[in-house]
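So this first bit is one chain, no partners, the form predicted alone, shown in structure tokens.
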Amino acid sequence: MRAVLLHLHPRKVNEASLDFNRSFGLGGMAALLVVLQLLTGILLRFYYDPFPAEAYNSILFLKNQVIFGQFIRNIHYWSGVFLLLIAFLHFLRVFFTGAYRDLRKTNWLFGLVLLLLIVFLNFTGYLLPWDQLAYWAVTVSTNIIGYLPLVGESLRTTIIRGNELNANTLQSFYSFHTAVLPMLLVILVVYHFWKVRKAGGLLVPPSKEEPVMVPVVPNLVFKEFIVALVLLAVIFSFGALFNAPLLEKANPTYSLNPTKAPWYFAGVQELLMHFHPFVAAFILPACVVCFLAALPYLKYEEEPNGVWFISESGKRSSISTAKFAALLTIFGILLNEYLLDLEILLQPLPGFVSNGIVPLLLLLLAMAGFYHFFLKKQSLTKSELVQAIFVFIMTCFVVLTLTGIFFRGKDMELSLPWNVMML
């Protein structure tokens, strides 16, 4: 056990890195949830049959006939949800403390891959119950792939192995969810931790004094143990109080209303309500992914310092940008929903122009105006400006996701949250 711990950590660590607000234990919590997912997934495999005729019945049998079967399924479901949320928060923590540059830039890219793997693990597992919720959510998600130019429809057909979800789709998703993706995830998690150690551990602000090094056992391990206990208590409480969703058996002839993608794709689905499919499903996501991948390789004036939000000016600009992005996104949603439909207003123009290029140019114009009239006047450094752009993108994404989850009701009309939940 000591050898395992020393693979994850060096023998001694900087005492300053033990402060909980440096990392909030997010990386360790994500690793624990991966282990919990693997253990509960192995238990569920004993009762699950990956065939459309039996998949739903095996979930019912697990729920009603197996001792603690529902509890194990609940833990597996909620640990998957928390894993995605905590991995996303860990991703934000790494960026906002500058731990994505220099020696850590390769690990940043592996972290992005890990985040995508976790998304795909949740997505492939979403279909396995083969109920109405799973069937139509995956149908909507895979239909988004069809909007990609040239290869979209053929790629969608390849992924679901047909024109609509079928037994082959379930078999593929089951194989990826229980074998391929978990294996890749474990390998990359181990490598990710090793790269953190090779980079010198947690990035902490520089100090004029000589850093105080303390033994990792028990100073760090004890704190990780406490965090692990608290996390397990939360997951077990959710597993005891809230059941994993399960509707009636999948019916390809009767769709749900509203038909929504899984919650982590709700932002992309919301984008499709306001932009041309090519822009919403390809242009914007591709630009965001390229921007995130390029972040460590940009030239910055100063070294990363491990300080949250870089500096006080960086913190102020990030807060202001978050407020502006949230208000702009909400205003754009309401404007497009109730007052201004560009596709109708600019009807003589092709849909790609009226509902794609024009709103995209308006978005870029709003960003340029915010930079010129606000950010530029603060004399931000390049790293602080990049941080502001990152905050803008993440805020827009969060607002779009929350809108898609809580404010889209019947026929995907805007609705109050309690009306959506009643539906």
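No experiment lies behind these values; they were computed from the predicted model shown. We number the residues from 1 along the sequence you see.
Same protein, other form: the form predicted in complex with protoporphyrin IX containing FE (HEM), not shown, and the subject of what follows.
- Protoporphyrin IX containing FE (HEM) in the predicted complex comes within 4.5 Å of a heavy atom belonging to Val94.
- Though the partner is left out of this view, Leu203 does reach within 4.5 Å of protoporphyrin IX containing FE (HEM) in the predicted complex, counting heavy atoms only.
- Taking the partner from the other structure, protoporphyrin IX containing FE (HEM) in the predicted complex has a heavy atom within 4.5 Å of a heavy atom of His192.
- Heavy atoms of Phe324 never reach within 4.5 Å of protoporphyrin IX containing FE (HEM) in the predicted complex, leaving it off the interface.
- Heavy atoms of no residue among Pro50, Val140 and Ile160 are located within 4.5 Å of protoporphyrin IX containing FE (HEM) in the predicted complex.
- The stretch in contact with protoporphyrin IX containing FE (HEM) in the predicted complex, judged by heavy atoms within 4.5 Å, is 94 to 102, chosen from 70 to 78, 94 to 102, 235 to 243, 173 to 181.
- Just one of Thr329, Ser318, Asn122, Asn107 comes within 4.5 Å of protoporphyrin IX containing FE (HEM) in the predicted complex, counting any heavy atom, and that one is Asn107.
- Screening Leu380, Ala55, Ala30, Leu36 for any heavy atom within 4.5 Å of protoporphyrin IX containing FE (HEM) in the predicted complex leaves a single hit, Ala30.
- Heavy atoms closer than or equal to 4.5 Å to protoporphyrin IX containing FE (HEM) in the predicted complex belong, across 97 to 127, to the residues Ala99, Arg104, Asn107, Trp108, Gly111, Leu112, Leu114, Leu115, Ile118, ordered by sequence position.
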